[in-house]
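Given next are two forms of a protein chain, the same chain in both, each as structure tokens and marked structure 1 or structure 2.
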Structure 1
Amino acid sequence: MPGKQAAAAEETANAGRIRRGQLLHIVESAERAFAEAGFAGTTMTRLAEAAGLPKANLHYYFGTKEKLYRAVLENILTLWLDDMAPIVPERAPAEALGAYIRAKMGHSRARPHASKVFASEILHGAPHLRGFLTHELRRRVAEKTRVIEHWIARGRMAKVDPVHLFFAIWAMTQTYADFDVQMRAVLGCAALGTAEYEAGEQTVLRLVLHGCGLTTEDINEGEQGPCRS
């Protein structure tokens, strides 16, 4: 009996892993489809073709195109919010901000289509995200703003407007995904590769950290942070 229970538990666990893997595959495939055609221009048929699955599978897991679109947005937003985890009072400002910038640059490189879907949603007035932006995102930014104010009050970094600092970091890191066509044209390359991302990352790090009044030693510490993506 115990053997049968263990086998049943293992079978259930395997089924759960397969389901999670298929869900993630559908979401990641949908990122490109929505990025290329937008929400209105993307059909469930196109989404199924992108995932290489029957349309019935997408309906089974997500029900509607809108729910799959929301899943794409929620997936990248969850990653972006998790990127803010290093920004805590006990960490050195350069190390924490450096880890955050690296993580954001890493997602721009690894998930550019998800970033483009988010940008398109914002440009269209955020009809599917307005509640998230005004509640969860605003709450998280307020929480991390208090950390930066704590560092400033203790003389650990220069006085800056924390909210506008976040705006600047978002703009500088997400542009590598959202406006890669412009960058490729200026740089004269077919795709942004390791060299371009490393140059961009180091530039953003130095601009942000120097702008926050951190020393060269602090910048080096930030550049060696443990969260490099």
Structure 2
Amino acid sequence: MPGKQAAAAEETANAGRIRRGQLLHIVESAERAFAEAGFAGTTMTRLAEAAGLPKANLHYYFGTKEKLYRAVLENILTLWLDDMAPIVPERAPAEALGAYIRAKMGHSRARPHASKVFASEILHGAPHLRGFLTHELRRRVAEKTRVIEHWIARGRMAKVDPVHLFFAIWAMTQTYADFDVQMRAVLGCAALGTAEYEAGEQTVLRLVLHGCGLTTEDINEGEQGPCRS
């Protein structure tokens, strides 16, 4: 039975329960809608339909279409940076880069809409993400660049431009979410399944690891020098 404290805790937990639920629901359905048509191509009416709510209700929670869009974007950004966590100097390069690629490919498959919203935003000049790109992302890339330079200095991987290596990994992994329509058309399949994602992951791993003078076998072996420059 709930005593005074439990009741108070229940009340505070309960207060804003509807609000939190609706905010999450609207942001999630909006992510899907924005992914399909971009910011300009998505109408408030369409967003309301996607959420199964009247248009005025969305305005009650978010005020404007732009504020709702920003909420969707912010919900996505944390994902991006967190994927880089495996890249630390203590780990073997092949293992760390392999884990990063797997995480990125996993997100492309699990959250394709998030990737598309992000891609559309960057593609059209990133008017809502300037700060994120020039501060958070830039700092994080600089940090991880030092890890890769450390590996190169120790002769643990070939000399590859770390920043352009990141550009290449981002491009190859995110393309499985962003350009899925093109892939489905070329492969002639209705949807990208496990087989396609595994073949893609193998190809990306191969290109990155061999490009860094490592092999796919290195992933599960701790310490190993590069096979060639």
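Rigid core (definition): largest C-alpha set, two forms, superposition within 1.5 Å. Structure 1's sequence is the ruler for residue numbers, which start at 1. Predicted model only: the values in this text are computed from it and were never measured.
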Problem set entry | Displayed copy of the chain that is the form predicted alone | 1
Seminar exercise, completed: Domain rotation angle of the smaller rigid part between structure 1 and structure 2, rounded to whole degrees, is 18
For this session: Once both forms sit on the same core, give the Cα displacement of Y61 between structure 1 and structure 2 in angstrom.
Result: 5.4
For this session: Align on the rigid core first, then pass along the CA displacement of R46 between structure 1 and structure 2 in angstrom.
Result: 3.4
